[in-house]
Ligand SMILES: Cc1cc2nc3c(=O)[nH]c(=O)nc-3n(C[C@H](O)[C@H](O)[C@H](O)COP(=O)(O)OP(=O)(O)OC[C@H]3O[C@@H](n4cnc5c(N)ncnc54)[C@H](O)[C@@H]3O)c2cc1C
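This document opens with one chain alone, in structure tokens, the form predicted alone.
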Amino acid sequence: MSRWGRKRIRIIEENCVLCHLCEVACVVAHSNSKDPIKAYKSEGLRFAQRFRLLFAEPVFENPVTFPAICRHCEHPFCVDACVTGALEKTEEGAVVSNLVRCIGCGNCVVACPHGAIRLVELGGRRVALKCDLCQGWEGEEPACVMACPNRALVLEEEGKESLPLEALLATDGGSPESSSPYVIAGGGPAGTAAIRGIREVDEEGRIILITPEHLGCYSKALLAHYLCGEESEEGLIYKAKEFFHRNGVEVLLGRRVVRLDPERKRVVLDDGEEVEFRKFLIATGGKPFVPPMKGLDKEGVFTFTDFEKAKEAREFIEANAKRAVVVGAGFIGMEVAEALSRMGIETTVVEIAPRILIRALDDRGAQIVLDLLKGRQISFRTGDTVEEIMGDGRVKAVRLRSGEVLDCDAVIIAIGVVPNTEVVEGTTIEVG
């Protein structure tokens, strides 16, 4: 929790004299030794960073730089972008990072409009590092603010900006004073970000979140870690019950919106219950794309986009499988293949494209990944696809389009997802 209340650091660029004392103070404050020389030489955790401005024509005698420090935004886009819940905004307003949960995906780096987050190597892992507003620091103000000799960094009250959402809530007869609830379908990052956005302009309005997941709001990016036992069920959760309690949100777990009636402003749930809404947000995300192939109904065939399927796959593979086939060599398929190899499962990845990770990497990049995976019990069949899953009730093999037959005990289809737009089917809402 922040010791400074709802305050944030503001940078006054014209006051900066390029002394770098803010960076020194940051390193020392976050070190174990609290000694500048030891901290820089041995520890070197640099939460603060600095931008250098480059000009086509010489403008200044020296390079122009200024500190890039987290503003702890009123609505932090980095928190919305984080897929594991490693970033969280506290009640006091500080945006803090849990480095244990961080997987180094870089989404927060892209989302931050101030360039205040960077990826660093720490303990053999790549993690996102940012200002934590000096959590645990004993000074009267954050270390960088206290060290700045020219008041280029100041700690000030967090101002609340006018958001487009405020106008949105007042349109079409809906207003913050309305008794009907805001209803959100989907408990992923978009749904939880909407909760924070609504609370910024309406502190009292009723909010209902409906999700088919029984586990709650969890990180799908960590499912492969769960598959191989490196992450627990509890460790997947990135929005705990306290978040919803604090924001006054009613959460309906294991429930699904099956029909939308825009004219009557109601949604129908899978048990027939109708829920009236003031505003309805469709945040249902994607559903697994499964190409046509024979034998999809056999025991041992799984998709891999939600916790229940991942749990079923883990239990089945641990009890029955020595060999597996993964269909798809995108990000999901490659993570699944690596997780299976960690379980000691001999794995074959089948990809219809001519190389792995074709939408993300060029030939050279793909080859680097293949080299890194050597010796991990993973083989590849590119330019081919599965036409039939074979076996008498349970998976025994797959037959590829090329005619090759691969013996296996389990098949995981991890090609990707398509938008889950079922809720608007039969309505006048257009889907692009």
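We number the residues from 1 along the sequence you see. Everything numeric in this text was worked out from a predicted model, so none of it was measured.
Keep in mind that the form predicted together with the ligand is not shown, yet the notes after this line are about it.
K.L.:
Could you tell me which one of Thr305, Ser341, Gln135, Ser180 places a heavy atom within 4.5 Å of the ligand in the model of the complex?
P.N.:
For this set of options, the contacting one is Thr305.
K.L.:
Name the residue from Arg256, Arg206, Arg323, Lys311 that puts a heavy atom within 4.5 Å of the ligand in the model of the complex.
P.N.:
Among Arg256, Arg206, Arg323, Lys311, a heavy atom within 4.5 Å of the ligand in the model of the complex occurs only for Arg256.
K.L.:
Taking the ligand as it sits in the model of the complex, is Ile103 in contact with it (heavy atom to heavy atom, 4.5 Å or less)?
P.N.:
Yes - in the model of the complex, heavy atoms of Ile103 and the ligand come within 4.5 Å of each other.
K.L.:
Evaluate Leu215 for contact with the ligand in the model of the complex, applying a 4.5 angstroms cut-off between non-hydrogen atoms, and reply yes or no.
P.N.:
Result no; Leu215 lies far from the ligand in the model of the complex.
K.L.:
Given that the partner is absent here, does Cys16 sit within 4.5 Å of the ligand in the model of the complex, heavy atoms only?
P.N.:
Answer no; every heavy atom of Cys16 is more than 4.5 Å from the ligand in the model of the complex.
K.L.:
Answer with yes or no whether Asp261 is in contact with the ligand in the model of the complex, where contact means some heavy atom within 4.5 Å.
P.N.:
It does not: once the ligand is placed as it appears in the model of the complex, Asp261 has no heavy atom within 4.5 Å of it.
K.L.:
So which of 293-301, 356-364, 241-249, 206-214 is the stretch with heavy atoms within 4.5 Å of the ligand in the model of the complex?
P.N.:
Single hit among the candidates: 206-214.
K.L.:
Note that the ligand is not shown here; using its position in the model of the complex, name the residues of 264-303 with a heavy atom within 4.5 Å of it, in sequence order.
P.N.:
Contacts from 264-303: Ala283, Thr284, Gly285, Gly286.
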